[in-house]
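Form predicted alone, single chain, as structure tokens, below.
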């Protein structure tokens, strides 16, 4: 997004503010479909649950993968029909099961045998089931994102997955198997390793029609075409259709977090820019050590830095936490009090993880379509912090 547009958004809606380019998201959807036209696309709602974004994806015919009752209701409210819903996650409770059953959700991923009796009792015959397999592989990513590692809480080891799949197949409800090897994956050859784990399972339970490889595609520069070529080959060998659950890949590069510099601190070994956004707005740097590109958006209204040394800055937030940081050692020429900064690649797991820690007010969200910015969620006000509280003291 260009500087003039971002300056306009900041002037009109203030900072901190998330901005999402819906046209860029649509381009990513088109790229995935061009690489594998036959794959079913189910957007992983946890990446970014913004209502305007979900409605845009619904218009494109993209389904949704949901893991909570809230995500389910968001997807339905956005216009995604039940048959294009996949209910996943390890904690499928009765409220989620009953609501998904009423909506006639098309697919359910069973993370363990525990929820199966609930689904069997409530889900209509149109709902089909995948069994999630833990392949026990090293996906070469951050430990928190290695969902396919043997020590992960997700899925079942192959033998246990086969046992559950056989029970589901006996009811005539089994669609296939589901593997989500991890997030921020970069190596297309991981598909081959997953295939070696899955091939015996598909051979042991004939009649399956689907293979769900999840999502987890890294940004930036994921080799999508090479990955999907291997995935298509695996699906062809197994004689099934492919299901994909992209989240971050569709939205991360389409979003920025706008923040203004409040103060500059140079008295010490490290120079600091104190911004009005931090870990309560974008948790990933504190949680995962994630590195987001940061740039100065023009210099209108900014007092330029007088530091002639060219040294880098830590970009820090306003909270009393040492982890309240957006980036370390960043070269930001001209940055000073009042400068507008764009924290890029923030369209996924940004606002979705934002919190009211320290009674912070969550930022506004703006969507851009055809160059026109529109407010999609207003900035929180102090009264929103206690809106749900009750006066327990009488």
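Bear in mind that the values here come from a model prediction, so they are computed numbers and not experimental data. Numbering follows the first chain given and starts at 1.
Here the subject shifts to the form predicted together with a small molecule, a form of this protein not shown in this document.
Shown alone here, residue 217 lies within 4.5 Å of the small molecule in the predicted bound form, counting heavy atoms only. In the predicted bound form, at least one heavy atom of residue 349 sits within 4.5 Å of the small molecule.
Shown alone here, residue 353 lies within 4.5 Å of the small molecule in the predicted bound form, counting heavy atoms only. Of the heavy atoms in residue 84, none are within 4.5 Å of the small molecule in the predicted bound form.
Checked against the small molecule in the predicted bound form, the residues 116, 288, 202, 222 give one hit for a heavy atom within 4.5 Å, which is 288. In terms of contact with the small molecule in the predicted bound form, the residue from 278, 195, 247, 155 that brings a heavy atom within 4.5 Å is 247. If you check the small molecule in the predicted bound form, you find no heavy atom from any of 28, 71 and 186 within 4.5 Å. Per the 4.5 Å heavy atom criterion, the small molecule in the predicted bound form is contacted by stretch 42-50, the sole one of 333-341, 55-63, 365-373, 42-50.
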